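One chain follows as structure tokens, the form predicted alone.
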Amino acid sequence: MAFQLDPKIPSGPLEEKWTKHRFDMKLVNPANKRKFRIIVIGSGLAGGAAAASLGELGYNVDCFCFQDSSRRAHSIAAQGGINAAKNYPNDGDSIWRLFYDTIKGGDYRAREANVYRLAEVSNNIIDQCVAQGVPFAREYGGLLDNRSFGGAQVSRTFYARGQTGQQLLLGAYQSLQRQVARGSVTMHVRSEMLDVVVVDGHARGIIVRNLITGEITRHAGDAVLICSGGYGNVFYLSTNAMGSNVTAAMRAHKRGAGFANPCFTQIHPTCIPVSSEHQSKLTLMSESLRNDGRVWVPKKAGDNRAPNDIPEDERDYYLERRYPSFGNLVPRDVASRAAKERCDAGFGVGATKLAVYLDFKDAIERLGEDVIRARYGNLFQMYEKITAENPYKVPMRIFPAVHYTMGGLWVDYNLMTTVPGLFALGEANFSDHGANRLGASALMQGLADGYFVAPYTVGDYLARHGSLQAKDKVKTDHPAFDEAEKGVRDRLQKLMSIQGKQSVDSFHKKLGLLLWNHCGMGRTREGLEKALSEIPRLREEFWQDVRIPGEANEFNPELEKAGRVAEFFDFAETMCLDALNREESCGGHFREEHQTEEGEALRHDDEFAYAAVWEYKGEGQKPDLSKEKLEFENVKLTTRSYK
């Protein structure tokens, strides 16, 4: 095996691990915290929360984002809510039930200790955000309201209409800006990290390109935190912001950080369908809509009547039919596969026949339009602006699309990668969601990692490995910085010197379509092998014929995109290798050769109850695979059922 993987899971009962671990960790005293500098890549919920919390503790923090403001991080796009085990509705929820639902929802491919900690600190997140002024929805008595999400039979999701991510990010942003004003955090906007600097085996800095001027700069620190989100844009069409990318994670990977479970990609079931090949992204419709919306298709294949003209007895509410216990609130991977199956069988609707209906007629009749408008008004407005259809009058048309990524940099219980001093938080790591993320858990993980985990574990690392003396600090004139900066400049120059004929976007689109067809919702050995044969050819063509106008030392969006697409090519190969290696179906990874008679995912726990961790071996070389065995001491491995 390439890596000696030590997850550093504390001993003792599951419920006591995090408490015991916090007590066992070493501390940095307040006067010494100001002697350390921490680098944070990304300013979304994970990065913003971590930077704000570490700054509040007294550390010096440099926070980098490629947007013009940390308020524009993609966390702002999350809609439906954030989970916590408060049990306000008194419907049977608990920390244990949230833990169990998350393990089961991830199809038993997550580490128990990390997931329990996530459930344990979830309640603290709500208290923190309320104290920051996040305007969560409230019920008639003034208490915080909850709604249901897929994969759970309790209502544990806190929300702010369909703008939860935006409101949570504003809360983190306020905390972050307070530290900026105090001088403990320095923001570096319009800055993209292009390499990690490793000195004596430890992460000690980064190389950054200013996206406005093109200037290359060096930044040294005592620890580096990667909080740069996921890699869904490798598919080109996804619900992610156009700028979302895998560059920071891949640069860390190429410096020795293991990449875990890259094939675990979440397909979200409620997105506005593709309408044209000219589209550059897709739009998410919150999973919260499935609380009151009913999913259906016509019972007759090829029925082209308008939805309101199809009588009730000629409609197939297929999720309610197949999964009576959970109905429309089955987890995302289950709902997505079911929609694809109906469309593949000829029951799809709309012009492309790649859509199903999400209908609010019954909810409006039962509750009144005012109630539905209060719950989902901004989502309905967004849908109407995009489709020119009024969802209060006609059903929405939805179809699955690439959304979140469960894979990411491998981290131990302390959120540290296989490179000491290099941490990964939020969607950039692999740790909490297994093979499928439950809805409303992304915001929970990002804030848990940033507010309540990293401040402890980063401090423990610094207490054990940090240098308090200025003379012992690694500075930017170290030879490792020379080598890393030269590599960045050489790569940029190589891209600029190609002067081919094809645009960056054309290559990205070809790669994305190849992956969607062969490593998307359904995967086969034949398709994955075809993708693995095509990706190198397409990558070679990219490096020979991509055209990037302008210069490297100036504002150049095409150069930005080219660097990111180059990393997508390298990542795509590893993703397909991982999918080919995992000869089972689990969660969002659906190998068509491995399914039950009912078309459900078929796991093979005897062979694949592990996290697959890949080690980069160099350009053109096949990565090495290591395996972290997943131990299930508290939850019994069973066939996942939502019927």
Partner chain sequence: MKITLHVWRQKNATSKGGMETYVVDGVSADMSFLEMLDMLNEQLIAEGKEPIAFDHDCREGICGTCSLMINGVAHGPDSGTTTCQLHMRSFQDGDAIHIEPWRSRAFPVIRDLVVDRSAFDRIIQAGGFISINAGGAQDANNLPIPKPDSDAAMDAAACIGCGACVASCPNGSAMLFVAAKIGHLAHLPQGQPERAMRARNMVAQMDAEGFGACSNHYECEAVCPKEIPVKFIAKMNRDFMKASLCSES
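This one's a predicted model, so the numbers in the text were calculated from it and none came from an experiment. Numbering follows the first chain given and starts at 1.
The same protein has a further form, the form predicted together with its partner chain, not shown here; the description that follows concerns it.
Taking N414, Q177, S94, T524 one by one, only a single residue has any non-hydrogen atom within 4.5 Å of its partner chain in the model of the complex, and it is Q177. In summary, among the residues R366, H465, K486, K385, the only one with a non-hydrogen atom within 4.5 Å of its partner chain in the model of the complex is K385. Stretch-level contact analysis of 195-203, 138-146, 322-330, 528-536 against its partner chain in the model of the complex, using heavy atoms and a 4.5 Å limit, identifies 138-146.
Here the marked residues Y88, Q166 and A241 all reach its partner chain in the model of the complex, each with a heavy atom within 4.5 angstroms.
Not displayed here, its partner chain is kept clear of D344 by more than 4.5 Å at the level of heavy atoms in the model of the complex.
Although the partner is absent from this view, F66 contacts its partner chain in the model of the complex, with a non-hydrogen atom inside 4.5 angstroms.
With a 4.5 Å cutoff on heavy atoms, K254 does not count as touching its partner chain in the model of the complex; it lies far away. Under a 4.5 angstroms non-hydrogen atom cutoff, its partner chain in the model of the complex lacks K340 among its neighbouring residues. Contacts to its partner chain in the model of the complex (heavy atom within 4.5 Å) from stretch 121-141: I126, D127, Q128, V130, A131, Q132, G133, P135, F136, R138, E139, Y140, G141.
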